[in-house]
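As structure tokens, one chain now follows by itself in the form predicted alone.
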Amino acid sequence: MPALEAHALTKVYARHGQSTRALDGLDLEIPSGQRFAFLGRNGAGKTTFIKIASTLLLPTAGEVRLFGRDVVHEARAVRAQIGLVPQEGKLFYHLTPREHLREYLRVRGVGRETTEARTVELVEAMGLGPFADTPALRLSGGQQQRALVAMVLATEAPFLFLDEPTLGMDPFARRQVWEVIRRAARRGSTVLLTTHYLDEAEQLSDELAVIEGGRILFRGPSERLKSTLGREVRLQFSGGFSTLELAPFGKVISDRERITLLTTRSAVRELTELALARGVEVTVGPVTLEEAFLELVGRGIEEDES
């Protein structure tokens, strides 16, 4: 049985006499124990999907089942199986990170001894030690976000919804969180992650789905998405070439500082030798997930649906 099944899921918002279709007959299955990334621009339908699947929002049509339970008609049983980091979660300003962990676990019915053990473990794993006893109102945004994620991961819930979990964190803190998420998956939790950081999606997901306009455009490993470009290599030139000259070799992206060419391996030697002969600096690397996303969707992940 899949951990999550969505069939013909539709959500229509009605505002000021107009309707907006946030989800449009979406179908999705996520196997148990998988780390799954949901990618899409703001307004593409990611957060709406998570709110429905985590029992916070009713669908207009279709259904979602979590471990075989209908999230609408069996919401209480579903909630006992999930942990959720919402996109705009807030801490109680007068409580410290340590107190948040303890109180949240106790409210969820975790025993005192287990609560203390998990609190100690997550405080250390998430790098919360230096400010574990600092009231939330005195923490930075990134520190507060770490505490929120720690609370949810400490539940060891069978299904974890993580909506932009590392938002506002510095690169070092993000990597600490990544490792704790990997540890949760190794313990058996299924993870559904949304993120605008495409390197994070690659690092954390077994599979990913790209959603646009409430529909899934692609599902599979990140390497398969990149392979759909038909171009494996990115060359960047510090001038010395025109876009017209490079166009026969692949896709050209030009800005004021450099020219980027997405091309095949067979063209690399010829173009690098030509660049060296012209005295032009050239760098070579693999195509990125961001470039594959842009090719598939037509716009970058940071661009809003509107």
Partner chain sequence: MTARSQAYAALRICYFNGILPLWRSPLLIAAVFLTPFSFLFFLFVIAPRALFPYGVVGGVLFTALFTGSGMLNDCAYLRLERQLQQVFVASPLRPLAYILGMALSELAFSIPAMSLFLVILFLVTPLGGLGLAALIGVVLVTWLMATTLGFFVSTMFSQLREIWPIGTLIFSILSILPPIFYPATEIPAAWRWVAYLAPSTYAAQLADRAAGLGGQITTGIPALDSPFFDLGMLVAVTVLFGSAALYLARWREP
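Computed from a predicted model, the values in this text were never measured in an experiment. Numbering follows the first chain given and starts at 1.
From this point on, the text means the form predicted in complex with its partner chain, which you will not see here.
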Practice problem: Tell me whether 56, 84 and 107, taken together, all sit within 4.5 Å of its partner chain in the model of the complex, counting heavy atoms only. | Solution: yes
Quiz item: its partner chain isn't shown here, but in the model of the complex which of 212, 164, 99, 207 has a heavy atom within 4.5 Å of it?
Solution: 99
Self-check item: Contact residue in the model of the complex, from 103, 223, 170, 179 (heavy atom within 4.5 Å of its partner chain)
Solution: 103
Quiz item: Counting only non-hydrogen atoms and a 4.5 angstroms cut-off, does residue 229 reach its partner chain in the model of the complex?
Solution: no
Quiz item: Contact between residue 117 and its partner chain in the model of the complex at 4.5 Å, heavy atoms?
Solution: no
Practice problem: Find out whether any non-hydrogen atom of residue 251 is located within 4.5 angstroms of its partner chain in the model of the complex, and reply yes or no. | Solution: no
Quiz item: residue 186 near its partner chain in the model of the complex, any heavy atom under 4.5 Å?
Solution: no
Quiz prompt | Candidate stretches 122 to 130, 84 to 92, 170 to 178, 187 to 195 - the one whose heavy atoms come within 4.5 Å of its partner chain in the model of the complex | solution = 84 to 92
